[in-house]
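One chain comes next, on its own, written as C-alpha cells: the form predicted on its own.
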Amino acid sequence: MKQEKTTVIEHHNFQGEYRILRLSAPATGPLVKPGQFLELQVPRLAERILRRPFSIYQADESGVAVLYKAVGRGTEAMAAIQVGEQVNIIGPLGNGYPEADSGKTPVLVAGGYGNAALYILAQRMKKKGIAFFGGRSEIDILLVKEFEKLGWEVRPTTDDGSLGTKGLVTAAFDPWMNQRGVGSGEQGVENIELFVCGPNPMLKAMGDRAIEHGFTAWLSLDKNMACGVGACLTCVIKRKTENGWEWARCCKDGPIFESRDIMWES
C-alpha cells in the first residue's frame, strides 16, 4: 500500500454517464492485483474528509485508471478534475482475487460497472472463458469489445431487453450453467470457477448457486467503505468460522470472499 500524489493524465467520457480517470502513479500501478481498489481524495471537496473508494480498472508500471459514474456529490466533483491536476491516492487496497485454478473453466459475472473491476483479472488470466454482464439498458453494458479483444466470450443481459437477454444476469447464466450438467468431467458445472463483482443481491444469487451446485465463487462484496484500511469498522460483514462466525472487514480482509465463507444478513 502506498500513499501517492498523482497527476491526472487522462479524463474523459467513456459511455453515457460513465467516465475514465487515468493517473500517473508509478509507485502504485506495479503493485496492483486484480480486484483491488484505491482511495482517492477528491479535489474541491475539502468539507468531506474521507476519501472515496474506487475499483481499479487498469494498472501498469506507469499508473492506474478508474472507471466511474457520477452518482453523488463526490463523483460529481470528480467530473470537474482536469488533466494535469494533482490527486492524492492510497492504494492498492484489499486482498484482490486469488489466482484462477488452471484446471477449471473461468467465468466472470458483473452487474452494473462491476466489470471494470474484473478487467485486470480478465487481462492477466492465461485461460480465457465466458463473461456475463448485466445492466439496466444497453448504455450500462460496458467494455464488451475490450473483453472480447482479450479473448473472452461476452453474454450481456439488460433489464429492458435493449441488449442481449432480457432480465437479470441470472437469465443468461442459469441456462448456460444447466446445460453443463453435473459429473461431466471438465465440462461439468462443478468444474467452473466464478469471479463476481456487482451489487449485493447479485453477489448473493451467484454465491447461492455456487453452494448449491458445488463450484467455487469469489465475490467482491459491495459494502460502503470509509477509511479503506480497516480502522473504522464501517464495512464489516459476518464471516463463517468453525465455531460460528466472526466480523471481517471488507476493505482489509476482503473485498474478495469465497461464497461459502459469507453469512448473509436476512
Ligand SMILES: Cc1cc2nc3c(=O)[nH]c(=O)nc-3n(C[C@H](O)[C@H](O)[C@H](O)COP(=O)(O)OP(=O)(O)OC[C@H]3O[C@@H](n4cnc5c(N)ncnc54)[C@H](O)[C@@H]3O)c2cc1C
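In this text, residue numbers run from 1 along the sequence as written. Computed from a prediction, not measured in an experiment: that's the story for all the values here.
Only in words, not in the display: the form predicted together with this ligand, which the text now covers.
Novice: Looking in the model of the complex, is this ligand within 4.5 Å of a heavy atom from each of Ile20, Asp140 and Val144?
Specialist: No, the whole trio is out of contact, none within 4.5 Å by any heavy atom.
Novice: Can you pick out, from Tyr97, Tyr113, Trp152, Phe173, the residue that has a heavy atom within 4.5 Å of this ligand in the model of the complex?
Specialist: Partner contact (heavy atom, 4.5 Å) among the options: Tyr113.
Novice: In the model of the complex, which of the listed residues (Lys166, Arg136, Arg73, Arg124) lies with a heavy atom within 4.5 Å of this ligand?
Specialist: Of the candidates Lys166, Arg136, Arg73, Arg124, Arg73 is the one lying within 4.5 Å of this ligand in the model of the complex.
Novice: Can you pick the stretch from 61-69, 24-32, 207-215, 237-245 whose heavy atoms fall within 4.5 Å of this ligand in the model of the complex?
Specialist: One stretch meets the cut-off, namely 61-69.
Novice: Can Gly198 be called a contact residue for this ligand in the model of the complex at 4.5 Å between heavy atoms?
Specialist: Residue-level check for Gly198: no, no contact with this ligand.
Novice: State yes or no: in the model of the complex, is some non-hydrogen atom of Met202 no more than 4.5 angstroms from a non-hydrogen atom of this ligand?
Specialist: Answer no; every heavy atom of Met202 is more than 4.5 Å from this ligand in the model of the complex.
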